[in-house]
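To begin, one chain is listed below as structure tokens, in the form predicted alone.
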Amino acid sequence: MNQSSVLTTQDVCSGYGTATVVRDISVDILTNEIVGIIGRNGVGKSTFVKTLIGLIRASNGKVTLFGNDITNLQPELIARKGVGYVPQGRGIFPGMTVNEHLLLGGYLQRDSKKRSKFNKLIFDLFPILHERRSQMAGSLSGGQQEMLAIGRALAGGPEILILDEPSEGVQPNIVGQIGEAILNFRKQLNLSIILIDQNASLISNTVDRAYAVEKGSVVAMLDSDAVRDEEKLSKVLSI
């Protein structure tokens, strides 16, 4: 299959106030590709992806989506252009039900047939959400809340999905289920996916390649062979 660029960055810099956190990061995400952004805590991974989706302004560089410049657009406009985002910490509303979260996520998807298709896929991939669709999200386990956060992002019908630390606070067996789901919805929806995580097993079992980040800069690009070697991958994650 011919692959073309979905999302690219060129020398992107960003940070907080006068403090630069992300320094000249350039990446290229292709169609139907799962790409990891890896590294220790505090090296700028989350700041980088928040810059991609407009939550943090880029002080330099360029972000393009399907060849169109989206640098520093408002987050809601970037979401409408097909970028789904699952934040670190999930961003779940405890007093809303599972169904209400999916309705909220599906607000961007105006085609009712497509919305039904996405909801069916979400429930097929995460059957526990179907079982608990009328349950308040605050009463779900951490792993179930992560599934719900992913489902909410998928409900909008994104072209590219960004997952920030989906394994955080999740039991190992649930992390495995989330990894399988990532591979399944990549296959079924032809999605491109950016996965930010420190879990070597999840990265090794899901991504096609990965960018390693240290001190706000990309220090290495790991190909498919490198990301399948958990020992080498663990060393990169501990740099």
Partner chain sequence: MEIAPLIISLVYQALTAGAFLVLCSIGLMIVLGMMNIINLAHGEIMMIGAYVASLLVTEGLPFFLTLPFCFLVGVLVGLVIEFLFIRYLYSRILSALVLTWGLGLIIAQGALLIYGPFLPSIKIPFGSIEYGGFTYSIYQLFLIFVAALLVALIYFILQKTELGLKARATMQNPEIASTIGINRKKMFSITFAFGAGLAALAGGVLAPTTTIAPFMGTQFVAPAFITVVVGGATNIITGTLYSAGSLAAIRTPIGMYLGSFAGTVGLFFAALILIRLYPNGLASIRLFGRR
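Remember, it's a predicted structure, so these values are computed and weren't measured experimentally. Residue numbers count along the first chain shown, from 1.
One more form of this protein, predicted together with the partner chain, exists but is not displayed; see below.
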{"item": "Among 116-124, 162-170, 74-82, 140-148, the region lying within 4.5 Å of the partner chain in the predicted bound form by heavy atom distance", "value": "74-82"}
{"item": "4.5 angstroms heavy atom contact with the partner chain in the predicted bound form for Leu55", "value": "yes"}
{"item": "Exercise: Met136 in contact with the partner chain in the predicted bound form, heavy atom 4.5 Å", "value": "yes"}
{"item": "Contact of Leu108 with the partner chain in the predicted bound form (heavy atom, 4.5 Å)", "value": "yes"}
{"item": "Contact of Ile128 with the partner chain in the predicted bound form (heavy atom, 4.5 Å)", "value": "no"}
